[in-house]
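Next up: just one chain, as structure tokens, the form predicted alone.
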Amino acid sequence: MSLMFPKWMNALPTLGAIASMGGVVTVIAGTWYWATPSFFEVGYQPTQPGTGFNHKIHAGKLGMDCRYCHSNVEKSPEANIPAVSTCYGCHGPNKVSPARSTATDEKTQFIRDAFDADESIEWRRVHKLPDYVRNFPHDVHLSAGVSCLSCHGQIMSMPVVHQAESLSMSFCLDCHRHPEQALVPKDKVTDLRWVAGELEARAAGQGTTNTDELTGMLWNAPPQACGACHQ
């Protein structure tokens, strides 16, 4: 009696199971990479009003301290966006210099227009945590010795601000588990050039600060329980 199906077809269920498992693994691996903040949030760079705010010029070339614009960062959970009056203090009509080019003054005209109209500049937020996460307490972290550089990257080199770190849960927990890798003296948290050099030297085992001493100055160990961020 002849066989209805050849013997090699007996392997089809096994091959189908292997292919299905491979497809499942591929979907999981792809989701693990592409559906995470490390992929779709790092590099986020929204278009800002007017000509935007060039941190490379203000913080880098001119050496302005972060706290000049983000004036509440040491006493508030929120790193406030500066009021138009803060920008106007440097870019008002009485500050327009004949030595500056007309093009430069035209770039900052939107600031004077907003001030004259008594309107806010609708800056677009770059760093935003999910709604299920409590706001990041900037005052607590700066007081502990966490530099702006650790979360925002080297802002002094950014003509247009972009998100440099994922700010994911694993990113935060890694820092909370090993705070000695990020902590710097409190008077250096906004000195981003110094911090960048110190962290690079520390990674090479040549740091100039005592990380054990910095960690010992914390009031409490950085929390790792869910309730610390999710309430």
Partner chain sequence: MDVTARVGTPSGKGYWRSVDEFSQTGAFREFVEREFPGGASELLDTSRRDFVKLMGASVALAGAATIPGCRRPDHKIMTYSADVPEHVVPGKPLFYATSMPLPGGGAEGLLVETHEGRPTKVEGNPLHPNNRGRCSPHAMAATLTIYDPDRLMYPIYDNPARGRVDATWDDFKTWGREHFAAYEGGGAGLAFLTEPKSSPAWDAAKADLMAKFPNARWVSYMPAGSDAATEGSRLAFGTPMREVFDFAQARVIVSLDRDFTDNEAGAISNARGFGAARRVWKSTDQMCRLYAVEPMHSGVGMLSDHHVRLAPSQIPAFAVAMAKAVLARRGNAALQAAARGRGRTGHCRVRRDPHRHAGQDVHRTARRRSRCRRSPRPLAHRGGRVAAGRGARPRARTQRRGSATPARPCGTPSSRATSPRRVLPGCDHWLATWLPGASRRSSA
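What you are looking at is a predicted structure, and each value in this text was computed from that prediction instead of being measured. Positions refer to the first chain, counted from 1.
Unshown form predicted together with the partner chain; subsequent notes refer to it.
Q: Verify the contact flag for Glu122: yes if a non-hydrogen atom of it lies within 4.5 Å of a non-hydrogen atom of the partner chain in the model of the complex, no if not.
A: Contact with the partner chain, yes.
Q: Going by a heavy atom distance of 4.5 Å, is Val84 a contact of the partner chain in the model of the complex?
A: Answer yes; at least one heavy atom of Val84 falls within 4.5 Å of the partner chain in the model of the complex.
Q: Would Lys107 sit within 4.5 Å of the partner chain in the model of the complex, counting heavy atoms only?
A: Lys107: no contact with the partner chain in the model of the complex.
Q: Just checking whether Thr190 would be counted as a contact of the partner chain in the model of the complex - the rule being heavy atoms within 4.5 angstroms.
A: Thr190: no, not in contact with the partner chain in the model of the complex.
Q: Each of Asp65, Tyr68 and Arg134 near the partner chain in the model of the complex, meaning some heavy atom within 4.5 Å?
A: No: no residue has a heavy atom within 4.5 Å of the partner.
Q: Could you tell me which stretch in 191-199, 172-180, 40-48, 23-31 has residues with non-hydrogen atoms within 4.5 Å of the partner chain in the model of the complex?
A: Stretch with heavy atoms near the partner: 40-48.
Q: Within 4.5 Å of the partner chain in the model of the complex, counting any non-hydrogen atom, which residues from 70-86 show up?
A: Those in contact are Asn72, Lys75, Ser76, Pro77, Glu78, Asn80, Ile81, Pro82, Ala83, Val84, Ser85.
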